[in-house]
Structure formats: structure tokens, C-alpha cells
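Read the single chain below, which is given as C-alpha cells and is the form predicted alone.
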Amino acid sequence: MTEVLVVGAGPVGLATALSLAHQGVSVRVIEAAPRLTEDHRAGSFHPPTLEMLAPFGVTEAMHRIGIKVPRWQIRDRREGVIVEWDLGLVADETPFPYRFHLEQYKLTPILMEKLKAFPHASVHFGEEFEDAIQDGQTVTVNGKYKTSWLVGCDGGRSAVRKLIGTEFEGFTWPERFIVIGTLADFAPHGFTSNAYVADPREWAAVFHMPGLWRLAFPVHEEEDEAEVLMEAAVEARMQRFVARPGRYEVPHKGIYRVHQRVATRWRAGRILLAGDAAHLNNPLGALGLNGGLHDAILLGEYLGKVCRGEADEGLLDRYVRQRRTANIEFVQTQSISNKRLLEEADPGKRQENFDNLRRIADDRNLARDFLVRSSMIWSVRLAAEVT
């Protein structure tokens, strides 16, 4: 019998499995898709995430193909750069004083390769989660797999979350996001490899990824998705952002809905949730994937101790308290605040926001505190204090 069965072979599911396998715990991952999926949404990693993945050799492998981002900007469409943050200010807090860019579909093969080193770990594709029945010390999954613990890492539409019947409290933003990947280079226009650009109507989030730049813009309720994705519409949007004589080469584009939600319960007996199955948020600030990986590493550590008999099951309730608190008190509030900052329409309030950011950036101690918080160092400490 497998000690732990993980549903979902995304970064959170594979990281959970890798943490468990490192501790000698037998683990099986099932994934409905036929192979590792390509997702062009997330891909910006904060210092604590790099620290958590380092013991497994993942961070080192990421650095061979990703991009270090030691500085990032908050800009305005009309005024240009409002502030530029230098993560070198937190070099005494972390061995990785920078953001790191690598699309998550390039992270999952690294996690998969590391997992293959363990004979007591396996990943099975083309296997959809259907149901699970708890009976004493075991959970029977899909009528054929018996496991001691079931972990749902199966995304925002999680079948595992639906099985345990928990509420997914929160809301869906009225506007959608369009993500555009382009081969154009924005560095000559003064952009750092990560920048957030404020505008009441058409704010933007800018990320330099290996081989391309990726930009996210809002798609408003009245806009038709098919029309927004038309080549001419995408070109016009990009030209409004940064005008250039030639056309933009766009190898990737897509639209998705954005949610702010947190599951009421993350544990039901021997079934637990992590990542998007437990919480969703808008991507402004790069907090979602990072928060999910923080779930994965902590859950893997605690569940490993339970499986080895080093701790009782109450430790898993602590996982829920710690990670749910961090998500509600930081990830949800901060990601909403980030979006409100970029889309603020009142001129007076916008100017007040910009003046406050400049004041913080001009004071070394205030800037350092800002970066400790925005880089998720603070949220990890917050979680650790929860008993």
C-alpha cells in the first residue's frame, strides 16, 4: 500500500511528492492529463521558495535555465518609473536576494526528474481522480488504490476539494486577464525584468522569461474574448503599450478568469488540500504559485513526520492553520491590494499612492521592510509563528 497518494502532477503536487520521497515515504502521483502540461501563467519565484526547493537540488537546476531579477519596478503608463526596488536590500535575510523567472512548465520537468531518483515514488498520467472512500486507517482511491493519506493538488477546479464538500469562499473578478508572450525586448525601453504598470483602464504586469517577455493586461466585462484574441487586436494592444515600427511577434496568447478564493477546510480526516485546490488569487505580486509551493514543502515535511511515526496527526492540523493563515492574512489581502493600486482611477488617490511609494523607496529601512513583505519572507515567518 502506498503511504501517500497525490492527485495532480503540477508543481505543487510534484513538490509535495518530492518532499515525501526524500523522507523515505512511498508516494504515488496520479494526473488526468496524458503528460506534464504547459501553463504560461506563473513563473516568478520569490526568495523563500528558492530556499525551500534548494535542499532537493531543484533550485540549482532552475538556475541553469532561468533568469535572476534583482530589481523590479512599479511604473505608470504616463509618468514612467515610479519606484525601482533593489532586492539587494534583503541580502542579509536570504541567500537568494532576487526574484527568479522560469515558467512553471519548465519547473515541472525538473521536479519530475528529481522524483525519478526514488524507487518508492511514481507518477501516473492519464489517470483521473474519480472518488475516494475513507475507512479507518486507509483511503481507497478510484476503487483500486489503497493509501494512508490522500493529498489534493488538482488545481482550482479540484475534484478532491469537491469530494470533501468544503466551501470555496471568495469571489471571481469581473474582468479576465489576457497573457501575451512576445519575442520583443523591453529592456531597451527602460523596463526591468519584472514591472507592474499602473493605469485605470489598461494596467499591465511585465515579466521577462527565458526566451520571451510575457505581459498580462485586463480584459473588461464588455470585451468579447474572440475579438480580444484576434491578431489585429493583440497588435494594437501591444503598440499602445510600447509603440514600435515593426509588428510584434507573439508566439503565445491566452485569456483566463481570475479568482480570490480560500477553502474553508483544508483537511477532512485523511484527505488534505494544497495549492490552487485550497486557494486562488490574482497573479499581481506573483504570490499564487509561490504560496502553493510553500504549502507543498510544509505539508510534505509534516506528513513525512506523521508517516514515520515522529509526530501525531495533530501536526497536519497545524499545517492547515499555518498555511491558511498565511494565505488569508497575506496572499489574499496583498494580491487584492496590488491590483487596486494598479487600477486606481481617482487622480488624487493615484498621486497619493505614488507619493507614498516614493517615500518608502527613499528610506532604506522602509524600503527594506517593504521588500521583506513583498518577497514573502514575512508571510513565511507569519506562518511559522502559528501554533
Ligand SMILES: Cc1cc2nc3c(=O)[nH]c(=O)nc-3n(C[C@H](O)[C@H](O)[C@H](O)COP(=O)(O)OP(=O)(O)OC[C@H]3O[C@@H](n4cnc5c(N)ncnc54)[C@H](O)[C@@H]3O)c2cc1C
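Because the structure is a prediction, the values reported are computed rather than measured. When you see a residue number, it is the position in the sequence shown, counting from 1.
The form predicted together with the ligand is left out here; the points below concern that form.
Taking a 4.5 Å heavy atom cutoff to the ligand in the predicted complex, the contact residue among Val179, Ala198, Ile271, Val306 is Val179. With the partner omitted from this view, the residue of Ala61, Ala42, Leu357, Met52 that lies near the ligand in the predicted complex is Ala42 [heavy atom within 4.5 Å]. The chain is drawn here without the ligand; in the predicted complex, the stretch among 181-189, 70-78, 167-175, 287-295 whose residues come within 4.5 Å of it by any heavy atom is 287-295. Interface membership of Val12, defined by any non-hydrogen atom within 4.5 Å of the ligand in the predicted complex, is confirmed. Using a 4.5 Å cutoff between non-hydrogen atoms, Tyr105 does not count as a contact of the ligand in the predicted complex.
Contact check for Glu128: a non-hydrogen atom falls within 4.5 Å of the ligand in the predicted complex. For His208, no non-hydrogen atom is located within 4.5 Å of the ligand in the predicted complex, even though that partner is not displayed. Taking the ligand as positioned in the predicted complex, the residues of 128-160 that bring a heavy atom within 4.5 Å of it are, in sequence order, Glu128, Phe129, Cys153, Asp154, Gly155, Ala159.
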